[in-house]
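Just one chain follows, in the form predicted on its own, and it is written as structure tokens.
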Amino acid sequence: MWDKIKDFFKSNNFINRLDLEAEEKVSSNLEANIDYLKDNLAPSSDLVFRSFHIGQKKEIDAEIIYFNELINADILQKEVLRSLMFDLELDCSNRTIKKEINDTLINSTIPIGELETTQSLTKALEQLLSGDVILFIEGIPKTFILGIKELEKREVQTPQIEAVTRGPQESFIEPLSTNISLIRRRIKDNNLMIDIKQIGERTKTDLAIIYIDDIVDQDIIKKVRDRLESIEIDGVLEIGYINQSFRDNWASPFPQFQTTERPDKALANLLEGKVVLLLDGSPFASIMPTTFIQFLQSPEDYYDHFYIASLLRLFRVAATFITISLPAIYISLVSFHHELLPRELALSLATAREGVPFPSVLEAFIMEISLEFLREAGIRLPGPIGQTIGIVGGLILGEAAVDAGLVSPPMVIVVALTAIASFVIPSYSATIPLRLLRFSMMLLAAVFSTYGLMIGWLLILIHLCSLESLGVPYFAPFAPIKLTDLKDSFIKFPLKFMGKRPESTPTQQKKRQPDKE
């Protein structure tokens, strides 16, 4: 019965009033407020309850509560406690002393930028856990929230994963405030919307939903908000948690949302009508919706001449094909179709494989798995050592395997070319599923020869055409075909011919430049 009544009030916009009345209110009694916090906070050595008296005559009791490791101690001592204890002059015989304290504290006494009041103890507790300082005063049924948090952070650095030869050399870092500033500094538009909400029942991590209000399609915003509301989880530690919760097809190996560490890439997608999510504590942004072709594009494509950008994109398409298919093609030719090779090449391969005790498919698996081991070892080890392990280890292992007769020299060349091709793809998150698909293609080629290759590619294309990202076709502009969007797909047209935003993503404004009146 209560659920039906609550749904009725919710449908009539009265649910907010019900929730407000259900919240614990700040009491005029100082001790009651302190007891509430102590009952709802686990004992912790860094939690400080500081009692003091307000005013020079010390006639008004007050309590300030904070976590010692999250606040700026100098500002607390010099600008807050000193101002309240020694600089504030109040006439305690005045009957309007409560109003005087409110007005004086807010307007003149505490010289800090972030100061707000609330009558909700629930909100006060949330702000305390977020790193703010809260102040209770005897006789005043509200709490003062002082924003003097100070968190350790690293400096903005150059991108480590999405490095480019041209373009800005900045990357996102962990604090949300810094990442928002990197966006806000570059888009001076009054329609830029940044909506911050908390996610995670226990971590209550700040999440920023960023979009340009007069460009983005409102249905996309609604889908993003609805999916965020549906997430029920103890904690969200990285933006990957959000991406996994948003996936339309959880079984697909392909990333259905784009992740980037580059502010300029996030900005470019905002201008195309997409939504960017930033999570406090994560140095990556999530871009949604996205299409597969975007994973083969790099920000520097838009900073170079269109001839150069188009050529590089074609290289990346070829690298994608090589990453998935080259070992499988080698297995198919060596095991089944010698007649497709020139006579000299076939004899050379046969001579090279003489004495190798394994069939070509097992030979390929040995080398590919060994390479994956080296790749993962290089990532886990410290930077200089990891690079050395990846290069020297690969050379030594390949040479030793050939000398031992476990693999043939042509197979080492094929695996090396495949590994190099995988590094050409700009998006690391897109490279991983391509590496996984390589093993499936090798098995299909070993069983069905070239027919296995065709079956594999047909299954991949069918799967890509069936995927969606927040309702946007994943394989657009090829399926369904969008002729306008083909100007910025495998090749890139000059900017003068790309006056419209991509049709694959619905937007309110189709033109990049509005008509001048």
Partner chain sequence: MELSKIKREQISNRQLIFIIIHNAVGTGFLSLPRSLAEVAQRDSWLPVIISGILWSGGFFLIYKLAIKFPNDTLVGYSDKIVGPYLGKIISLSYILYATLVTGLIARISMTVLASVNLPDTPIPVTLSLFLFTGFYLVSQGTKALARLDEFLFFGLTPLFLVLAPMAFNVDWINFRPMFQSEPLEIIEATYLTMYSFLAVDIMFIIFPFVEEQKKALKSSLIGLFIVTLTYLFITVLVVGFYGIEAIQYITWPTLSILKALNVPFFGRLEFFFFFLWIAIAFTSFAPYFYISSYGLADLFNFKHQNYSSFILLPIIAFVAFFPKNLLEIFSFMELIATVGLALTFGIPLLFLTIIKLRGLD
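From a predicted model like this one, the values you see are computed outputs, not experimental measurements. Numbering follows the first chain given and starts at 1.
The following text describes the form predicted in complex with the partner chain, which does not appear among the structures shown.
Contact annotation: the partner chain lies within 4.5 Å of heavy atoms from the stretch 451 to 459 in the model of the complex, the single such stretch among 451 to 459, 58 to 66, 45 to 53, 31 to 39. Contact annotation: L467 falls within 4.5 Å of the partner chain in the model of the complex, judged by heavy atom distances. In the model of the complex, the partner chain sits within 4.5 Å of a heavy atom belonging to A479. Residue contact with the partner chain in the model of the complex: K487 places no heavy atom within 4.5 Å of it. For P342, a non-hydrogen atom is located within 4.5 Å of the partner chain in the model of the complex, even though that partner is not displayed. For the residues R154, H337, R184, K78, the 4.5 Å heavy atom test against the partner chain in the model of the complex is passed only by H337. Out of the listed residues V407, V236, L444, I134, L444 is the one that sits within 4.5 Å of the partner chain in the model of the complex by at least one heavy atom.
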